[in-house]
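So this first bit is one chain, no partners, the form predicted on its own, shown in structure tokens.
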Amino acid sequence: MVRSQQRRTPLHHPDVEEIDLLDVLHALADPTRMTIVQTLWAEPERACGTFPVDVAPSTLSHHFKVLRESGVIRQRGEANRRLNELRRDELQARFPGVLDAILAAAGPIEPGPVEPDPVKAG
């Protein structure tokens, strides 16, 4: 099959009632994943390759998978990139105040590397 005709595997996003607090806490325990969440807290939607983190693309993909499968973020495809959003309202409904408390305790984002061109990222 021609590459342009291949479809990506659908991404798994747990339903709100399936989100487990321990999975969320595990996902947020990693500094790279926390930077992703802090970035999405400040900016509602962002392409994968535009976060202020300094990790290999394959490692970044792993971090997105952990965040997505724990229920912290939602990803959607748009053209040749994936856009990410924090499931803020859903997490607030499931665990009131938890995300706010964690982000307040984490403090501001540390400056990261210069962001790549968003057209090429994702």
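Computed from a prediction, not measured in an experiment: that's the story for all the values here. A residue's number is simply how far along the shown sequence it sits, counting from 1.
We do not show the form predicted in complex with a further copy of the same chain, though everything after this point is about it.
**Student:** Although a further copy of the same chain is absent from this view, report whether Leu11 comes within 4.5 Å of it in the predicted bound form, heavy atoms only.
**Tutor:** Looking in the predicted bound form, residue contacts with a further copy of the same chain do not include Leu11, since no heavy atom lies within 4.5 Å.
**Student:** Test of understanding: in the predicted bound form, would Cys48 fall inside 4.5 Å of a further copy of the same chain by heavy atoms?
**Tutor:** Cys48: no contact with a further copy of the same chain in the predicted bound form.
**Student:** Mark Met34 yes when one of its heavy atoms lies within 4.5 Å of a heavy atom of a further copy of the same chain in the predicted bound form, and no otherwise.
**Tutor:** Taking the distances in the predicted bound form, the answer for Met34 is yes, it comes within 4.5 Å of a further copy of the same chain.
**Student:** Would you classify Glu90 as touching a further copy of the same chain in the predicted bound form, given a 4.5 Å non-hydrogen atom cut-off?
**Tutor:** The answer is no: Glu90 has no heavy atom within 4.5 Å of a further copy of the same chain.
**Student:** Thinking of a further copy of the same chain in the predicted bound form, which stretch from 69 to 77, 39 to 47, 52 to 60, 93 to 101 has heavy atoms inside 4.5 Å of it?
**Tutor:** Contact criterion met by 93 to 101 only.
**Student:** Within 16 to 48, which residues come within 4.5 Å of a further copy of the same chain in the predicted bound form, counting heavy atoms only?
**Tutor:** Read in sequence order, the residues that approach a further copy of the same chain (within 4.5 Å, in the predicted bound form) are Leu21, Leu22, Leu25, His26, Leu28, Ala29, Asp30, Pro31, Met34.
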